[in-house]
Every structure is written in structure tokens, then in C-alpha cells.
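What follows is one chain in C-alpha cells, specifically the form predicted alone.
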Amino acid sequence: MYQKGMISFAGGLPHPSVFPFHNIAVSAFPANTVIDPAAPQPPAESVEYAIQRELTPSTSYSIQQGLQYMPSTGMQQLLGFLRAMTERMWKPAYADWEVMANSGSTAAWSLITQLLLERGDYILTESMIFSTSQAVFIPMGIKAVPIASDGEGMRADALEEALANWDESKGRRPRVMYLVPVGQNPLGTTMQLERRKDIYEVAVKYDVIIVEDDPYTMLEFPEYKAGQPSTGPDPDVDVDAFLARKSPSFLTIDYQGRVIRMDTFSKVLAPGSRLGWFTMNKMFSERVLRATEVQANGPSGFSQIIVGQLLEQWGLDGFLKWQVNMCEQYRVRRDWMLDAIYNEFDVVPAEETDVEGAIGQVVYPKGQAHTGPALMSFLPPVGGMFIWIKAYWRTHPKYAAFAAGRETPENDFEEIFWKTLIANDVLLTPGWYHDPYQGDDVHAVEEAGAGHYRLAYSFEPKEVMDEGVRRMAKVFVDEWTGN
């Protein structure tokens, strides 16, 4: 409580004189840095700043501020920056929206599940889900209702069908939806504007709250062009052109304030910052604030002052440029992995094959397009960090005999083949790791005679990526053709 002339004996604040830091000196990359993914080196130039014990004319953050108890919403200077960026990028469709800092998307999602869901509830998800996202709600006795997906993610018609035909005998109809619309983890799908509008209108019809978890929002690429040489990062990125062509947030169409958006610095600065933010209406933000006050009490002060001052040094235009440059980094890495797949296999557009249900590209042994067995299919991603492959067990020469008498042969074969890949020194994430939890007694199979794996192109250097795909190709071809 602040009142002019008040002497306060009320608050138990540590005295700032005992905070044992003179200053925090930071040497950071310039906002316009372009790193060569093939030979990554830090730039010679740097942005230097120091956060002092007290505010100075050159800084908006201080140690005494950042290391003291502070409002659970986050520091006002940081919130002002995030609000300006949200307005620049999304222009939310209603007036009374707010931003609030959090300790990263995992903590943020945990908080939201506790506020919006109760034991025995169901939650709407995409056909596959990031494992940690559901690890939050499974112990709460909550089950997923996976909605069929296609090349853009969740299908609006499948969502409508699930809600219209809900069986009330098993519990109340789901009223919360969780989705990752750009570079979905693990599917790699990216949802465009018209699909978002269709999903939103179904949510309005059935009064569903949309939780938009969008950690990869700035990692949205042009389509991959097979057969064209992969180019390095563009040093002259146009931020406005990037923002104009990228898919919009649900916030841009949210005229009712039913979207809770979660953003994070994890993918564009560093996951160790453990810093992100919500954008939501005032009713939601008041409840989230009350819950934050009795849990983490807000994100780390160290993270807020270090990141906040860096953003101020860079400026909004600089931070947007930095993010678009990050997008170029992962676009190159995406191209590397797809180049390797095209080099090791014959890859054919799905519409030119007779493989039922395939979308994107169908993969055959090298030199055996259309004549050899279809090994897998995948959709070249236009965002995120992952390629999701569907492996066709039904074309494997030993699968029919293996499947006889088994309840879920697809899952069993997926695990066995996963271990075969490991034995050949290549590690993928198996599809069962991302199966939405529908109860202990439900063992879902998305497609008969098929399994899935997730490949991440975010980390390994090109030569290692090439070797990993070569090993993967050898295992697939040897298993399917007996070579």
C-alpha cells in the first residue's frame, strides 16, 4: 500500500543493502547478428551494459529492484515492452487485454491447468501432444480428447464432431482446448488463418477456452523446395515482410477474450532464462495473478533484469530482427535434414502415390520409387524444430505375422524398431511418447499398421545430421528389403 507520508512497519522486505552484488555486467550479441549455422561463432561486436545497484540514467533496471520482492505480474518495464510487441505483432481483437510475466511455458501451463480444470475433466488436444504438457494434467485425473489433425494441425470438422456428439455419461463436455499452432511439437504442423477462424468459431459455439501455447511462433519458414540448393541465413531479413506473411495468433480473431496465449523466451533467447509471458483478458489475468502470488510469486528477478535490459538495449525493432534471424538459423537446419532425407531415399509427393492416408511426401528405398515398399511419409515442416514421420509397418515383410493375436501391434512394433535404431546408434523419439492420455485402459492407435517417430533438426551440426539420417536410412532399407 502506498500513501504519501506513510511510515510502513507492515512489509517484511529484506533490506537492499544486504544484496551482495555491486553490479551485473553483461556482454551480449548485437541484435542484427547473423550466425553461420555451418560454423557458428560468436560475433566480434557486442552490446555492453551493466545493471547497477540503483537506477542510473542509462538503465531502466536495477539490482535493488530486480532482487527485491516485486509484483507477481512481473516488472513494469518488461511488461511495457511485451505489450508493445504484442500490439505490433498481433493487434488483439478486443481492448482490455493484459500481459503478465511467468516462469516459462511449462510453469505457465501448470498454473492454467490448476485454474481451469478439475479432477475428472477432459481437455481437447491435437492428435499428438508434447509429453510434458500432459504430464502436468495426468496426475490431476484429467484425460485428453485428441482431435484428428491434418497438414495444418487440428481439424475444425473433427472438433465440431467431438463436441456435438459428446457423451455426457462419461463427464461434462470439455471446455478447455490446448494447442501449439506453429511448428507443433511433435507433429511439425503450422495452422493458417482460415483454419484458426474455423477452430475459433467452434470454440465460441461450445464455449471452449483456447490455450494457445506458441513457443515456436517466430520460427516459421518458407516452404522447402526439394532439389534446390539450400542457402545460408539471409543477412538482410525484412522484419515487416516476415510479420506480414507469418500465420497470425488466435489473439487477432479473439473478439470475445476466450484465448489465453503463452509466449516464451526459451526458443529465441535461451531456455535457461525460465521467462515467458501470458496475454489474456482481465478476468483471466486477475485469477492467474492470485494463483501466482501463492506459488512461484513471479519469475526470477535475475532473469527479468538481465533480459529486460537487453531488450531495452536492442529496442523493439532490434528484438524482432533478432528473432527473424533466429528463424533463419532453424530454416537452414530444417533444410539440412530434409536434404539428407532426400539424398538417402527416393521421396515422392503423396498425391502421386497410392499410399492411403499419406500427406506430404512418401519415402521409398533409394532407386525404388513406386516400385519398392513405401517406408514412411512426412510433411516438410514450415515451422518449429521437428519432422514427424509415419512409418508403414504394414509394408514390412515381418509385420503381418508379428501382428497376429496382438492387441496393439503398431505400438509394440514401434518400440521394437525404435530399439533397432538405437542399436545402430541413431535415436528418434517414438510416437507413443506423444500419445494423448485417454486413461490407463485406453491404448490408442492412430492408424492401423503404422507407427510414428519425431526427428529434431534443432541441435546437431550438418555433418552429424547427414550421418544420422544415413544410419536411419540403412536400418529402414535393411529391415524392409532384407539387404
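Note that residue numbering begins at 1 and tracks the sequence as displayed. Since the model is a prediction, treat every value here as computed from it, not as a measurement.
The form predicted together with a further copy of the same chain exists for this protein as well; it is not shown, and the discussion that follows is about that form.
Residues within 4.5 angstroms of a further copy of the same chain in the predicted bound form, judged by any non-hydrogen atom, belong to 321-329 and to none of the other stretches in 391-399, 230-238, 376-384, 321-329. Although the partner is absent here, residue 338 lies well away from a further copy of the same chain in the predicted bound form, with no heavy atom inside 4.5 Å. Mapping the unseen interface onto this chain, residue 299 counts among the residues with a heavy atom inside 4.5 Å of a further copy of the same chain in the predicted bound form. Proximity of residue 444 to a further copy of the same chain in the predicted bound form: non-hydrogen atoms within 4.5 Å are absent; the residue sits far from the partner.
A residue is said to contact a partner when one of its heavy atoms sits within 4.5 Å of a partner heavy atom; residue 469 meets this definition for a further copy of the same chain in the predicted bound form. Looking at a further copy of the same chain in the predicted bound form, residues 348, 368 and 438 place no heavy atom within 4.5 Å of it. The partner is absent here, but in the predicted bound form a heavy atom of 333, alone among 196, 333, 246, 261, sits within 4.5 Å of a further copy of the same chain. Interface residues of 286-314, taken as those with a heavy atom within 4.5 Å of a further copy of the same chain in the predicted bound form (partner not displayed): 293, 294, 295, 296, 297, 298, 299, 300, 301, 302, 303, 306, 307, 310, 314, in sequence order.
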